[in-house]
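Listed next as structure tokens is one chain, alone, in the form predicted alone.
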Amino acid sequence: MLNRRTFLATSAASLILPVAARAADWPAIEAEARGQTVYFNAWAGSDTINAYIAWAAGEAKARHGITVEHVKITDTAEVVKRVRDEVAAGKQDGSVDLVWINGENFRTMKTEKLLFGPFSESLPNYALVDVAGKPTTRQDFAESVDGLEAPWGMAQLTFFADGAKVAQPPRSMADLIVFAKEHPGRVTYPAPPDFHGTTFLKQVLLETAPDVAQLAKAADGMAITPAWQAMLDDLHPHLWREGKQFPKSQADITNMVADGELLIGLTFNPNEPANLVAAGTMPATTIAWQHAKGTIGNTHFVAIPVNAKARAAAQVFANFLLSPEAQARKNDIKVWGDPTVLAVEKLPAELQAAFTGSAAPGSVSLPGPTLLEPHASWVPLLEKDWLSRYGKG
């Protein structure tokens, strides 16, 4: 792991800041931030992630004199509603200073002008973000970021299994149907609106759409294609409990795979299968893969509400989360295993070393291209159609 002294010295010597960052009075922002408290509203469903946030909070306190309070939430939509209500009531010192966000929640806050900014591309460490190789750092579910949120980590739909039981993993939805027919009751996905369940539906949509380009546009006036419905109709009778019931969450499915009840699990973190092996939840024979023609990928971000009380400290903390040291630690499978948003190959050699390591058991061995998310407006259409057709139990 990169030590603090090396990181600070190398970063200061090697970073060339973009015009936006040079234009901002960053020392003044850092000075204003000192002594402020950032109420960081972030999902708290993982002990690993909670521990990482606690580490980052400790570093922010030691380096910048900032206190970061992790407000543990289960649903970001609740935070959106709280900010909306506060703004409507004219509350200037809001209860949320920073929020972990992407997708439909970002689109809602952007549309309703509930976000502070633009700020992200003025952060000094934004110069290191791989905006060319990772276009989702500027496009959030087909919605332009416009500097209103800072990228934090990458994700891509990934499947995993015990390679001793699944010798040839299915690398398309059509292949998955064949696999499910050969292994009835041993495959399923979470019930929407679970995030992973909805992502599975979007993956089916991408693999059945006659014109994928249309999915990047708002779904106003459009309908779900018959091919989407036909693929699910073909798959469901061969799923766990014949597709008449679905697990509530991705975590439930992971437990069922680990127990041998299911053969295939799914995750949006490509490093999670390796994490499961390291934790002893899955065997060392675990394999992970993505579909040959690609699976949905996106970036998750942090954003500052328009009525945040500690705007300066929120920016300083967001900048630290983009630092090579913080990104390398987050990328480490032993810590979190969340892929970086940085252009690692463009970093000085001393910084690149913190991101490298031998492939751990459970790492993705059959990668596929990243497919852009459909426009966020497709989500309610998919979930409504799924619920009416398959959600009755």
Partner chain sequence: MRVLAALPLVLVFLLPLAASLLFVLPDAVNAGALRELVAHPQFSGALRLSLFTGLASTALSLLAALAITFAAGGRNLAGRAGVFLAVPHLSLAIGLAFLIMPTGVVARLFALLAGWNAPPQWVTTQDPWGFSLIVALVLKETPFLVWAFASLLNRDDLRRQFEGQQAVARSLGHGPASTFLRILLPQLLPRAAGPLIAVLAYGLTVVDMALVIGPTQPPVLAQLVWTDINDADPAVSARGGAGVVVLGLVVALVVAASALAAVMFKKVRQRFYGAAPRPGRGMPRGLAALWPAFLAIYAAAVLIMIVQSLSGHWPFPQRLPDVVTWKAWSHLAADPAPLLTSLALALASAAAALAACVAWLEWTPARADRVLAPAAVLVLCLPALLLALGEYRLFLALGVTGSAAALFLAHLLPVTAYVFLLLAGPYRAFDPRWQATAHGLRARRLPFLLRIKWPMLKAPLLSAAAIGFAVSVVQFVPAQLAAAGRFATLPMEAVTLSSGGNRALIATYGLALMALPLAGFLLASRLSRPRWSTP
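Positions refer to the first chain, counted from 1. As the structure is a computational prediction, the values presented were derived from the model and not from experiment.
Form predicted in complex with the partner chain: not shown, discussed below.
Contact with the partner chain in the predicted complex holds for all three of Pro184, Trp240 and Gly280, each having a heavy atom within 4.5 Å. Note on contacts: among Ala216, Ala251, Ala174, Met222, the single residue with a heavy atom within 4.5 Å of the partner chain in the predicted complex is Ala251. Checking Gln168, Thr74, Ser144, Gln92 against the partner chain in the predicted complex, a heavy atom within 4.5 Å turns up for just one residue: Thr74.
Stretch-level contact check against the partner chain in the predicted complex with heavy atoms at 4.5 Å: of 25 to 33, 359 to 367, 64 to 72, 321 to 329, the positive one is 64 to 72. Taking non-hydrogen atoms only, Phe246 approaches the partner chain to within 4.5 angstroms in the predicted complex. In the predicted complex, at least one heavy atom of Asn255 sits within 4.5 Å of a heavy atom of the partner chain.
Of the heavy atoms in Asn50, some are within 4.5 Å of the partner chain in the predicted complex. Contact check for Pro226: no non-hydrogen atom falls within 4.5 Å of the partner chain in the predicted complex. Looking at 61 to 88, the residues that come within 4.5 Å of the partner chain in the predicted complex, counting any heavy atom, are Val71, Lys72, Ile73, Thr74, Asp75, Ala77, Glu78, Val80, Lys81, Arg82, Arg84, Asp85, Glu86.
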